[in-house]
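In the form predicted on its own, a lone chain appears below as structure tokens.
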């Protein structure tokens, strides 16, 4: 008998960090002009879910909130071996801050439950707030383990090692539980052949794709539109600036004694500072 039932993983589509993204007049990211990818932090959460299923059983559901184009990262998740995906997509979600996002995802999880575990990345590269995971746990009124870099499950409890300043600490939590996975956890494994074949089949068979990647809206999860999107977002972006690279230089020092390398670095650093 499986130790774990349903496993949820929160995954977000974000602008590719290696590509240029525009800024809208209201200070938000112009996502239509940016290449897209899975949030790098969420890849660790996805790996944690896959390893949990392998060791303890369960069924993995990836949950994402975003426009229809976010289906791309859900297909990629299926290639890695998850069981199904749910996409919360609704125009009324546009410009949601962390408060509105955690509310909408909370209503989605309530709609999809029961679950034993929810895995989240630490944060997203397009926001860097690290608020949605903990906020979701509070709304669900379940225990949470943040900054988790290793864990095991024993007797329906999570035994986890979490990163803290200056080291780590071991904590335990009953199930159900939400875990935000640190980027010191295992990297996401390569896509598997079975998953790749499945996605190719889904691309040819729309009906089957709709079964494994189901799109839902705010009405279906019984969410109040007033608490979503721009209307439900008290955060105000006062100003957004593009940070451009203005050039620079670097050098590699090796093959000599530590003292001589330090002296060389200090010497070159002084010269660089003087010439700025």
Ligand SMILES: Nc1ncnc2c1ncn2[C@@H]1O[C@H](COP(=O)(O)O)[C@@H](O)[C@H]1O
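Predicted model, so just to flag it, every value in this text is computed and none were measured. Positions refer to the first chain, counted from 1.
The discussion below concerns the form predicted together with this ligand, not included here.
Only one segment in the set 140-148, 116-124, 76-84, 195-203 has any non-hydrogen atom within 4.5 angstroms of this ligand in the model of the complex, and it is 116-124. For the candidate set 63, 223, 213, 50, a heavy atom within 4.5 Å of this ligand in the model of the complex is found for exactly one residue, namely 63. Proximity to this ligand in the model of the complex, defined as a heavy atom within 4.5 Å, singles out one entry of 110, 189, 72, 128, which is 128. Candidate site formed by 39, 42 and 133: every one of these residues places a non-hydrogen atom within 4.5 angstroms of this ligand in the model of the complex.
The closest heavy atom approach of residue 173 to this ligand in the model of the complex falls outside 4.5 Å.
Not displayed here, this ligand is approached by residue 98 to within 4.5 Å at the level of heavy atoms in the model of the complex.
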